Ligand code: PXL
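Before any questions on binding or motion, here is one chain by itself as structure tokens, the form predicted alone.
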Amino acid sequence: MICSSSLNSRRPPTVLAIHDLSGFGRGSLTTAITILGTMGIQACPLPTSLLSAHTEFDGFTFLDLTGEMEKIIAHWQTFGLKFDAIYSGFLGSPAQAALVRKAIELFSHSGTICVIDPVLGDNGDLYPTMDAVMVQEMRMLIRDADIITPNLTEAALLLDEPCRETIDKTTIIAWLKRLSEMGPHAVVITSAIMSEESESNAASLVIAHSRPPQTRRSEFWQVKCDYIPAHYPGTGDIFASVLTGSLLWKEELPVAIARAMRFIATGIEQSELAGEPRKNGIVLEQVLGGLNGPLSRTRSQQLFPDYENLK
């Protein structure tokens, strides 16, 4: 639980949030700032691009802010800013990957957490503004991450594997280990449907792998939630934002994952009840109040029972 006493016992943690700004459709910076602020965290935006609406709306406008990012970074450098977390998502151009690496170098202190959501695509396809060059740049960028949060499509793209709708346990363990070997200490793959699950008992999963620095021990978590046959844009941004906030308040990784998944499930339920068009995203406004509540230990926190044999 993120207690009110802990929120008041120290200055608010700070996050450098490097994402696009979409005018309509809940996601990216509007989501990150809202969620992190609700969790008692100061989110400082470094916009990568300006869109009229997120990329699932036909005819969206798109403005690349690479040049402006360079100016902002240079200005911040003059007064020595440091952040407790650096959290990047949607990039507006391949050149911005180098700017994110520069920001990590300039604005980190010894305890800074670096979370990279390698936004590239979903449902087996690249997003309209992404290409093979961006995929290659993202492979380079995740080397600097402590934690990455790709969905199943993005994990496949990063590993140059065929995209798939389902995946078996042995394969996803191999993918987690390969991604971790690229640099990050923890890898969290979202939107994974395990092929071992029967259709009547299908589950949407988050599979996580943690390899703490200076140790050879690997830990794997399989975090389940009920399968919901609905697509809501922006859930990846919500997941990574809640995860980042939870980690800043010193929650353990599986607890932070479970908190993010519970929040998304509650948001989808409320969105369905409200009749909100799915393309608009989850109705955050109706569920933010429960974001910092207690989290019971349920089936949403499970170690792979045979993970010792999967190292």
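On a predicted model such as this, the values are computed, not experimentally measured, just so you know. For every residue, the number given is its place in the sequence shown, counted from 1.
Separately, the form predicted in complex with the ligand exists; it is not shown, and the next lines address it.
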If we take heavy atoms and a 4.5 Å cut-off, which stretch out of 36-44, 244-252, 53-61, 274-282 is in contact with the ligand in the predicted complex? 53-61
Within a 4.5 Å heavy atom cut-off, is residue 234 in contact with the ligand in the predicted complex? yes
Please run the contact check for residue 87 against the ligand in the predicted complex: heavy atoms, 4.5 angstroms, yes or no? no
Looking at the partner-bound form in the predicted complex, is residue 187 within 4.5 Å of the ligand by any heavy atom? no
Quick one: is residue 223 in contact with the ligand in the predicted complex, heavy atoms, 4.5 Å cut-off? no
Of 141, 115, 119, 157, which one comes within 4.5 Å of the ligand in the predicted complex, counting heavy atoms only? 119
Given a 4.5 Å distance limit between heavy atoms, list every residue of 21-47 close to the ligand in the predicted complex, or none if there are none. 22, 28
